[in-house]
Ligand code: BMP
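What follows is one chain in structure tokens, specifically the form predicted alone.
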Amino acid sequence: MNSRLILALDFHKVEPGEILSELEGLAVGVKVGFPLALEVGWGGLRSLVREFPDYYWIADFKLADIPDVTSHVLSKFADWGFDAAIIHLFTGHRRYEGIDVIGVAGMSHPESHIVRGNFTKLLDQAYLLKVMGIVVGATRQEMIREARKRLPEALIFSPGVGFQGAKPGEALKAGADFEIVGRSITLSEDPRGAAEQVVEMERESL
């Protein structure tokens, strides 16, 4: 598909299914969290995953519970068809089967002082826990570069493109593998056109 775009679907103007249909062939994955789950319900979320199986589905609920609870939730997400789930690394959770795990190492919003202040420790945790990927905000390119050096095998997912200030392609230039883009596409009057523009800028950056 030659795309590094993952769509954050929590906030939207038109029906989620309509956006997903429009973005087929442009976005490689979809990230969903509490806003969409509270809107459509767990059943609605399962239905979307099953209706659009060609996307790489990420459950973004930033799990941070005890290992037994986290393992149970991860197994449910896997049963529903999710490909990956995002967890907080500070819990030290190690048990995950049947689903890719992405750990939060750095967030894109400016208020994330505690996470940012423990960035190197979280990278160490990501290495020890052998997670498949990590989240590092697109607005923090210096952190992306550091993560790329220290975790050369991990996939880096970077949110914060568009509404939070980063331009498409900036995180990729710094070493990220995928950029997560939400409201600048999902709240647009022309979601496909907006996604095409993002993908074009991403391709130009590589």
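The first residue of the shown sequence is 1; numbering continues from there. Computed from a prediction, not measured in an experiment: that's the story for all the values here.
Keep in mind that the form predicted in complex with ligand BMP is missing from the display, and what follows is about it.
Colleague: Ligand BMP isn't shown here, but in the predicted complex which of R145, K62, R50, K173 has a heavy atom within 4.5 Å of it?
Modeller: Contact check passes for K62.
Colleague: Which pick from I58, I180, I156, L45 sits with a heavy atom within 4.5 Å of ligand BMP in the predicted complex?
Modeller: Contact with ligand BMP in the predicted complex is made by I180 alone.
Colleague: Please determine whether Q141 contacts ligand BMP in the predicted complex, using a 4.5 Å cut-off between heavy atoms.
Modeller: Flag for Q141 set to no.
Colleague: Are any of the heavy atoms in M107 no more than 4.5 Å from a heavy atom of ligand BMP in the predicted complex?
Modeller: Close contact exists here: in the predicted complex, M107 approaches ligand BMP to within 4.5 Å, heavy atoms only.
Colleague: How about T70 - does it come within 4.5 Å of ligand BMP in the predicted complex, if we only consider non-hydrogen atoms?
Modeller: Looking in the predicted complex, residue contacts with ligand BMP do not include T70, since no heavy atom lies within 4.5 Å.
Colleague: V199 near ligand BMP in the predicted complex, any heavy atom under 4.5 Å?
Modeller: Residue-level check for V199: no, no contact with ligand BMP.
Colleague: Picking from 22-30, 147-155, 162-170, 36-44, which part of the chain touches ligand BMP in the predicted complex when contact means heavy atoms within 4.5 Å?
Modeller: Every other range fails; the passing one is 162-170.
Colleague: Heavy atoms within 4.5 Å of ligand BMP in the predicted complex is the criterion; list the residues of 126-146 that meet it.
Modeller: Only a single residue, V135, comes within 4.5 Å of the partner.
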